[in-house]
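Encoded as structure tokens, the following chain is the form predicted on its own, with no partner shown.
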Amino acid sequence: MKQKKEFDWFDRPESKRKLWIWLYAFCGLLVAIDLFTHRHAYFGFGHYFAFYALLGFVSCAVLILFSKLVGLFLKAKEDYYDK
């Protein structure tokens, strides 16, 4: 197996901090753009501010929780390959 580099860019604390700042800035920019866009919503709740951002976040969170639940049932035992 390939050994990991000692000083990988993503492992440095200052790089992690920069990535989090960029993530927050980008998400904030996308929500701010919502103030200037005109949506043609099919349902009444589609006109609410940041509705689609919240819908995407909740959908992603539900997918992650569902995959963890399914993983509990599909997980192989630790000694599966030792037999």
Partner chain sequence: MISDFPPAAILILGALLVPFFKGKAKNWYVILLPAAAFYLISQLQVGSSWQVHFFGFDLTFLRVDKLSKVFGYIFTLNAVAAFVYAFYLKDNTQHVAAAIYIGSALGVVFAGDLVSLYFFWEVMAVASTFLILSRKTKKAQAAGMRYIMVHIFGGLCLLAGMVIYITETGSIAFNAMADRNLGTYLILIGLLVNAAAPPLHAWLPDAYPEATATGGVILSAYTTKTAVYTLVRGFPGWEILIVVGCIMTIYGIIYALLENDMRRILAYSIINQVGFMVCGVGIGTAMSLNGTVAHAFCHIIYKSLLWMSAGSVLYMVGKSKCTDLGGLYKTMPWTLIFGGIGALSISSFPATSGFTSKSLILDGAIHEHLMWVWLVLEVASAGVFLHAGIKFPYFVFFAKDKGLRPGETNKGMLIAMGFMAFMCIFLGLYPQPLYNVLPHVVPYQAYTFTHVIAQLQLLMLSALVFFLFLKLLKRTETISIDTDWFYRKGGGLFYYVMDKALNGINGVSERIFVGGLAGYLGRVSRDGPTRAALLGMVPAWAIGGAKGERLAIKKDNVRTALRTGTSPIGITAAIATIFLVVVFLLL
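C-alpha atoms forming the largest set that superposes within 1.5 Å between two forms make up the rigid core. Residue numbers count along the first chain shown, from 1. Just so we're clear, the structure is a prediction, and the values are computed from it rather than from any experiment.
Omitted from view is the form predicted together with its partner chain, to which the following refers.
- Of the heavy atoms in residue 13, none are within 4.5 Å of its partner chain in the model of the complex.
- Remark: residue 68 counts among the residues lining its partner chain in the model of the complex, judged by a heavy atom distance of 4.5 Å or less.
- Of the heavy atoms in residue 75, some are within 4.5 Å of its partner chain in the model of the complex.
- For the stretch 18-41, the set of residues having any non-hydrogen atom within 4.5 angstroms of its partner chain in the model of the complex comprises 20, 23, 24, 26, 27, 30, 31, 33, 34, 37, 38, 39, in sequence order.
- After superposition on the rigid core, the Cα of residue 43 moves by 2 Å or more between the shown form and the other one.
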